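First, one chain by itself: the form predicted on its own, in structure tokens.
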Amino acid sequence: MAKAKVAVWLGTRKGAYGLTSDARRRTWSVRGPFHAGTDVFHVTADARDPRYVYALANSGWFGPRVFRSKDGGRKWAEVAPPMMALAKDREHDEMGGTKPGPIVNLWHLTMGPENEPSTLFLGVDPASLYRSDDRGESWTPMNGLNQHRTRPKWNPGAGGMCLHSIVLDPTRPKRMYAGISAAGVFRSDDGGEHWTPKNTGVVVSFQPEKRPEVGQCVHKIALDPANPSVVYRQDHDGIHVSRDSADSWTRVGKVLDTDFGFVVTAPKSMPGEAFFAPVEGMSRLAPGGQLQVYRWSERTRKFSPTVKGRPFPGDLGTHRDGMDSDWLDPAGIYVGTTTGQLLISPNGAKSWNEVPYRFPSIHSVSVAPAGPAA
């Protein structure tokens, strides 16, 4: 473990940043900003080959752009984004269909399976999913989801109608999940050809129909790394757990003062445990002026607070990609705030530190082995 190097990539309101540390994760070097002044919704390294790093940049001037680095973030080049997404249209909705429309924002990038080293999956707004098999040089729409029969019932959340979560089951090569705000969770068992809504048990507070097939405003999902049939879900309407691969959901967060929030992560070295950081539903700020990270245990079926005292006072919030965890033991857990703090626990949330660097508002946090530029 002493030889391990960890890279943390941040997408922020004003560019992307890369941080590196050794396995102790006590001191960090900071590089950036890359793509300075640009809204970078997501930046992530490819754990299959950390030389490759991708940034999703969105600009009112230049539009949505995909940047790729082949040398761990030293140099960047723009590669082709998808040109069109599926947008809802009133006339076509009445006919039960959709038509092509411009992409508003690029939201989230997920790497393909280990045996497909050039494959990427990209989620955009209006909610659509794309696949690349050449590391982002070209993109193919995954129309099994993009043209789903329920699409006329999808509606935008406050952040737009974004496809923000793409999760692959490491034990079932053809199984993958997508999370869409505000349409809910969908699962494919055939590599993305066909998709089934998976929202049973998630009540919708903001619609007349409280238990619809689709229409839930999911904010983030994560699989338990030791048992991927366990899925953790942070929704507009609370924290949920599924123990049957999202076939059904149980709300577990009602015991908290608030279980509204955006982030969730499940560390590899902590099977049966997940971390959430709730915020108030109206303000999107941490309750009581202190961000709290809760640890959920599948063994005890209970939450426990991990931030002791008030080490990070202030009006802090998170965006939906603002939490991640690493592969080490003890686990490193990372939380980026909307006010630019990066909070890190190097010991499975037994204690927390703040990186002594103030970033722009953090959209995303992504952890991977350090590449050659570290």
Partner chain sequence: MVSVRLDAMLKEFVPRRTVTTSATTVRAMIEELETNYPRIRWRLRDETGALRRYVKVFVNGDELDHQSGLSTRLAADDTVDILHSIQGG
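Residue numbers count along the first chain shown, from 1. Bear in mind that the values here come from a model prediction, so they are computed numbers and not experimental data.
Another form exists, predicted in complex with the partner chain; not displayed. Remarks below refer to it.
The stretch that touches the partner chain in the predicted bound form, counting heavy atoms within 4.5 Å, is 64-72, out of 301-309, 325-333, 24-32, 64-72.
For the options 189, 169, 133, 78, the one in contact with the partner chain in the predicted bound form, meaning a heavy atom within 4.5 Å, is 78.
In terms of contact with the partner chain in the predicted bound form, the residue from 84, 285, 203, 226 that brings a heavy atom within 4.5 Å is 84. Contact with the partner chain in the predicted bound form, defined as a heavy atom within 4.5 Å, is made by all three of 14, 60 and 102.
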